[in-house]
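A single chain, nothing else alongside it, follows as structure tokens in the form predicted on its own.
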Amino acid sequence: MSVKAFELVPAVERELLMGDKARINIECLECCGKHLYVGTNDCFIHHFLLDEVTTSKGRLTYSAQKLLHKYLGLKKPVAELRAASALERLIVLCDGIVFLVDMVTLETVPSAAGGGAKIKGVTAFSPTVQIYMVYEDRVQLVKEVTTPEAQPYMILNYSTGAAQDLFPIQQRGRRPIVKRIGREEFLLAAPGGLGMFANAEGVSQRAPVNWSESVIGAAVCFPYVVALDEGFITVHSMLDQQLKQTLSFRDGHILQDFEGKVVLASTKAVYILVPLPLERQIQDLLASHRVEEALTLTEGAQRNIPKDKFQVTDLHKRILQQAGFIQFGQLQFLEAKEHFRKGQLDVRELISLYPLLLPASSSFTRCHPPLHEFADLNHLAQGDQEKVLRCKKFLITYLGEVRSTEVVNGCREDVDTALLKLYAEQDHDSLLDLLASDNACLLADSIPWLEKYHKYFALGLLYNYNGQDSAALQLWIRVVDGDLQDSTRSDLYEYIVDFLSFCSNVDLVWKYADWALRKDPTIGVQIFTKRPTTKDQSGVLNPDDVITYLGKHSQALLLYLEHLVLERRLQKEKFHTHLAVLYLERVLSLLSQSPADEEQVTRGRERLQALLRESSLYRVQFLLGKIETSQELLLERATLHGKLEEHDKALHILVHQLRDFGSAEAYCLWASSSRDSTYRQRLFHLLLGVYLDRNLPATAQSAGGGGGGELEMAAVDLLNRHGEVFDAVRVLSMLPEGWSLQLLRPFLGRAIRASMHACRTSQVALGLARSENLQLLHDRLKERKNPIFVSEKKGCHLCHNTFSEPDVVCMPGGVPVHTHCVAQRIRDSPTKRQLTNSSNHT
């Protein structure tokens, strides 16, 4: 595909060069800065001064001024001209002779030894390479290297004489083309119409260009290779080897490049091939949507052209951005995103394509000149809604990726606000994630957008993020009450309760807790029960204030007191008493209903009984006074009497009024759970006494229809189940004379086994103590004659403190210890403890 890379501009017209002399032809050229030297077939050298002139339209032209011409006197064409500007000399080849000419006067330079500084016989055939040093007044042979007879292209190391063949010359009889294009790199005309690149090692590091087989000249003006044949000038890219431009040029026979300036000549005139600015070429490629070619050209320029000649960094970024917009318009989103990233695009350039996404307060203006041809997304999509939707999804993805990078520095508010609007419009799941995280969404711009799409929960989150908790709560409450429609969260009421439970603004808690409690007291009370108890006093509520506040919400008050007493386990009498009173009132209320709900009554009594048993902080006499006359709550009365250590009254209620022998046994176990075995034994003996008491009135014995026989059976069961607790001797003295041993067989068997076990255990302990004592006596006798050394620097083996007095005890092995340390050790010994804790059966 073509691109306009060069313009052919006349430099020296025919009339200026030769006037009306029709037979004069140009043979060779040399250009040094602004100075142009032309060698002709009539043995003249013409010297011109070239000035660059820029037209009003920005085109570059040349104005030539003829300074001098000089006849060399050899009557042969001037074959070659080469400038040695540092010496102000021209090296001239004419009639097989090389000599020096002054660049200013064009006079032949005489040598110091007399005569011209000349080398004759240059054109004579010889398979050698001669290397000369050129001075101001002479030319001196340095070295001569013999070359092989064959005539292909070769790499020749003139220092060592080593040669490496490359490939044959293009055509016999046609002048070979060898152009130096860089350090140790050359362009050669190869057979088959190829322009080959080769370095000093004979390796080609670039792909060849495919030019004409009749090429007569070539030059390199990066990134292009310019070739001249009999009718055309062709321009190939060195980056992708493609033909980029073709210019018609008749009768051309010279093409050379001088310090980046490409000069051509026909037989009668001189032209300069002026390269168009790379930026213009790139923009032309982009205008044709040839993105890859534009990028290839830009990157090639960035790698190879000096920065002082071509400012590629900013241009490269801009071209990447333009390429990104072109591919964005073609819905090639992956490629577009990559170019935006590499080009460090101001993301607002992309956002500005989407109507109304940028905040009204944004100061952003689009880049000038513009990076794209689109007015907005509607212009790009031309009414195709599917295309619009795909573009919006791409922007969501792109903004989500870049919002946490340096790309959005300075425009975070614009990016986050645009992302919020897109999320709301597209009903995207990430809207809540955006608002729940650190964000810079502008409240004023976001409110109408979120309201438009009924995203009231999200709007509340935004209010909360901006410190407007009251506005957030009012909005959410309207949604829960049905005044506003938003299906984002079906559990919004629970969310509000949770929000209030963690809210540090106590005034807001008091303000909105009443609404939550009226809605559902069992959930609403979580505002207070889930509230964290931290050392930081901000936002901490006084339980007394909460209890007072909940006075009109009885169910919530009960749940809150349960939280304080049963979960937080606050050790305050008023909380425990208050909770017990509420439990009691609840049970009494259920009992007063007709008919009573047995299931609820049972559940209520279980909670009351559990509290009465487990808590020791409530006011027992106060509660006992409330149920003293209640015949339905006898078990609770018994528990309260137990708290007052009135065990006889408690057991009397359980045995004679309730006839609940299982509860009586459980009572004994509960009342003695944190006491020693003696206390438990006393309670069980008390219960046995209640069972066997013959002094009760007949009405008490016959209550419940069981009579004394039922109590005697209960006594037998008690003894048989808990025989190990009782003192067997005492029990036998309490039992009636008429009881048979068969009834008490399990009890007596367990009692005898327990007594035997205790006796034998005591005997074992006693034997161990005697053995230990005997061993100590033996050690004492053994150590009596040996000295014991005690000093202030020596420490006790048991406590590791030093000795301050001579009284010590010697342990086995001759180790001295403090007397008080030994006494403590004896007190703590297992044998001593066993003897102390042994039963009275020992």
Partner chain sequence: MPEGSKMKKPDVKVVILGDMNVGKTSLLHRYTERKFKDTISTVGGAFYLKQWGPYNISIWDTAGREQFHGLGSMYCRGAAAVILTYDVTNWQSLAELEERFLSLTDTANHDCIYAIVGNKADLTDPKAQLPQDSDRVSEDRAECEEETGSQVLSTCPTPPASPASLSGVMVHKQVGHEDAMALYGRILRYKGLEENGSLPAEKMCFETSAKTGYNVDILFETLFDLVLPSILRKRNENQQSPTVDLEDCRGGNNKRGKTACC
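Residue numbers count along the first chain shown, from 1. Quick caveat, the model's predicted, so the values are computed rather than measured.
Just so it is clear, the following notes concern the form predicted together with the partner chain, a form of the same protein that is not shown.
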Go through 272-280, 191-199, 497-505, 416-424 and give me the stretch that gets within 4.5 Å of the partner chain in the predicted bound form, heavy atoms only. 191-199
The one option of 204, 288, 405, 474 with any heavy atom within 4.5 Å of the partner chain in the predicted bound form is 204
Only one of 363, 602, 164, 330 has a non-hydrogen atom within 4.5 angstroms of the partner chain in the predicted bound form; which is it? 164
Does any part of residue 222 reach within 4.5 Å of the partner chain in the predicted bound form? Heavy atoms only, please. yes
Hey, in the predicted bound form, does residue 183 get a heavy atom within 4.5 angstroms of the partner chain? yes
Is residue 136 a contact residue for the partner chain in the predicted bound form, using a 4.5 Å heavy atom cut-off? no
With the partner left out here, check for me: in the predicted bound form, does some heavy atom of residue 763 sit within 4.5 Å of the partner chain? no
